[in-house]
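Take a look at this single chain, the form predicted alone, given in structure tokens.
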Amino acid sequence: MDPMEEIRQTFFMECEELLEAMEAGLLAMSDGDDDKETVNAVFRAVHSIKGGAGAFGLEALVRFAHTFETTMDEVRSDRLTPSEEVMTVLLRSGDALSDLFIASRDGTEIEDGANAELLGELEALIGGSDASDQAEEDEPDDFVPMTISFDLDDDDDDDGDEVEEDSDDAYYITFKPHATLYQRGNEAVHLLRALSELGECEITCITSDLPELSELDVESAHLVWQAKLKSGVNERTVREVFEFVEEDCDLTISTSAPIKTKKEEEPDYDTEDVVCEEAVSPETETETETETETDPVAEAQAEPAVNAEDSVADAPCTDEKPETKPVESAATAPAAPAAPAATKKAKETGSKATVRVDLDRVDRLINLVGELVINQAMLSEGIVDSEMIQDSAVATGLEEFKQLTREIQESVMAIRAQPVKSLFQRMSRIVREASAATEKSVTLVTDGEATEVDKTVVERLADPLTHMIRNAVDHGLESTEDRAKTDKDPRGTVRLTAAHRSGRVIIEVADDGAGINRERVKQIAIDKGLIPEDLDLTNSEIDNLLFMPGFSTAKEVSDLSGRGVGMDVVKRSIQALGGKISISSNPGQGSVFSISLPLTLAVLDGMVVNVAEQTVVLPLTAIVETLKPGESDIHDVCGDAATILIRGTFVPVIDVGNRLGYREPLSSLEDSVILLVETEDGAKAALAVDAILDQRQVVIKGLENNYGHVPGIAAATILGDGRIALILDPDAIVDSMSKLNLSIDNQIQKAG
């Protein structure tokens, strides 16, 4: 890959993280967080995106980000109050910035005048200024001159007696940019402008490293900047000016002046003053937490010595009596300092280091670990068959190998795990758009954003979750007028939560609306011919009619709903992830849609059973208990339907062998083993199998790409003896039986 293209892709990856930080900050501000650091985090994110976009010539992204950044600067300077109206515009601006980023990343053409209306709203917030123009095109009245002295003396001077600079209440800064600072779209002059805003500042440019014109490398950095700052701020504030470029420069900040020689106090060379224009609202980058303080003595000792000619034009001399600092010398000021590295290391102490890895490499590692699990199972079975397990050393080694394999597998799975925070943040935009389209006032409340799940699950969950959020706003919540009539808060609430439970991830979308109108739902299903008119259904079964293909309660077709595509698509998408979805609703109080997902799509803990001489696997998380039925436990209801009495409750029995088409129905269940399973919606069923063979961890192998969807089958796996075993989907098996028969409760009632 071309080096510049590689840098470009890295920028886009970093932009995704910056956009997440921006979204999180804007949401916090919208919720009333007035912490300065929150505002600064948003500002920094937008500023960094603008800087990187400028380096790659993404003009549309730069223009919008510049206006957005200026507006955020007004907020953080307390010149603009983040009221509800202001936050609405800022949140929409964040959405627009995300859209521009996606278009720039994907190479999509951006129409001229895109977001012009939103840009006008932003400019109105900042007083109608010309903030949308490039910084270079700002009016002269917006600038204040800042004098920077360039040292043009290239002569070798003899060292004189050392005379020290004054050490009044000032900071002495040495700033040497690297070439990467400019390659990433940053400018030294912007940083110096920001520095001068902190107080009285004298800045000198050292040109002693500047090569001859014929040898000049325009892509390198040759200038060094020295500044004397008189200000009442602390060192942390000074250092924050350079926080975005710490890795791209050498920086020294000290409260003691560099040592000057007599020759330097009375220079016999000419200096040329260059006037730089300084914006009244400079693009400063401030307010981040940095607790490390720099020891000036340690700095002086750590800096390597260089030639005396490199020390020309240190901080300007004054007539004040200097304070003695015997450990410093004239040669130290412009040298590449060791202190920034130490400071950076101190800042990183306590934080976890990360590394970017191509996802394909992670997937390959996971596949290899899956094969390791399979080979471990094969090895174990081979040792058992050869009766070598009687050897205690072999038995011990085999057990340790199993444990080690499992630990490796769990560690590798954790590599792909990521919090659902990024997914939840995307839903904030969906709520804003849906509430605007329906003219409803809606608040999104999230909980459990740190819950981790497989990256593939997160990516493929975005579309179904979007459907559910829109459905909650459009159908679940009443209009503002209707809510007022029932003494509800005019502002509706949609709650999005995530949590780990029983080895799975549970994601819930809840609303405080009117709940499901079950009579209307059933009548719509009858009118559309989805169910017979005389079918007697429980509340749960009526709720699940929402997942039938073609079902819709929308009276009008809109951008959000009413096209016959919705919850049935959601259910299929969730099932494709190995998950389940269920509904619970209370009239007048709202509805809860619950999604249950596996932690990973790679492995699962399963129970290996025998059915009609076939080996199948059931997920262990679905099994409540196992039992051997007695003759008195089995009861026939209405002929063919069998139930088993478990602790005073009748539970329907499903002959798994017959349901999968392996054999005719069993005439007696007395020789079977019953597996009591519970579906995600709380329904229980008894699965009849021939025998339980083992309990083990199995590697999931998908079937849909090669065979399509198989009813009742979730996936397949490879056993230790090399055979292929199907992994059953207990919920699908139970659901299929409920569609063929009336509910057990109704049958018992009719049987009288």
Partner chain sequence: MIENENINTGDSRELVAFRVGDQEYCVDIMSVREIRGWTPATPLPHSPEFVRGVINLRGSVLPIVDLAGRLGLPSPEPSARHVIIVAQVNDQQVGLLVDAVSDILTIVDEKMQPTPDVASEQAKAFVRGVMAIEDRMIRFIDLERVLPPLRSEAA
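What you are looking at is a predicted structure, and each value in this text was computed from that prediction instead of being measured. Under this definition, the rigid core comprises the largest set of C-alpha atoms superposing within 1.5 Å between the forms. Residue numbers count along the first chain shown, from 1.
The form predicted in complex with its partner chain is left out here; the points below concern that form.
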Item checked: Of V609, A498, L660, V603, the one that lies within 4.5 Å of its partner chain in the predicted complex (heavy atoms) -> L660
Next item on the list: Name the single residue among E400, D489, E371, D358 that comes within 4.5 Å of its partner chain in the predicted complex, judging by heavy atoms.
Entry: E371
Item checked: G32: touches its partner chain in the predicted complex, heavy atom cutoff 4.5 angstroms -> no
Notebook entry, point to check: So in the predicted complex, does any heavy atom of L703 sit within 4.5 Å of its partner chain?
Noted result: yes
Note to self: So in the predicted complex, is its partner chain close enough to I724 to count as touching (4.5 Å, heavy atoms)?
What the structure shows: yes
Check: Would I713 count as touching its partner chain in the predicted complex under a 4.5 Å heavy atom rule?
Finding: yes
Next item on the list: Tell me, please, which stretch of 660-668, 518-526, 461-469, 404-412 lies within 4.5 angstroms of its partner chain in the predicted complex when heavy atoms are compared?
Entry: 660-668
Next item on the list: Note that its partner chain is not shown here; using its position in the predicted complex, name the residues of 62-83 with a heavy atom within 4.5 Å of it, in sequence order.
Entry: none
Check: Is there a C-alpha shift of 2 Å or more at D729 between this form and the one not shown once the rigid core is superposed?
Finding: yes
Note to self: Relative to the superposed rigid core, does E481 relocate between this form and the one not shown - that is, does its Cα move 2 Å or more?
What the structure shows: no
Check: Under a superposition restricted to the rigid core, does V611 display a Cα displacement of 2 angstroms or more between this form and the one not shown?
Finding: yes
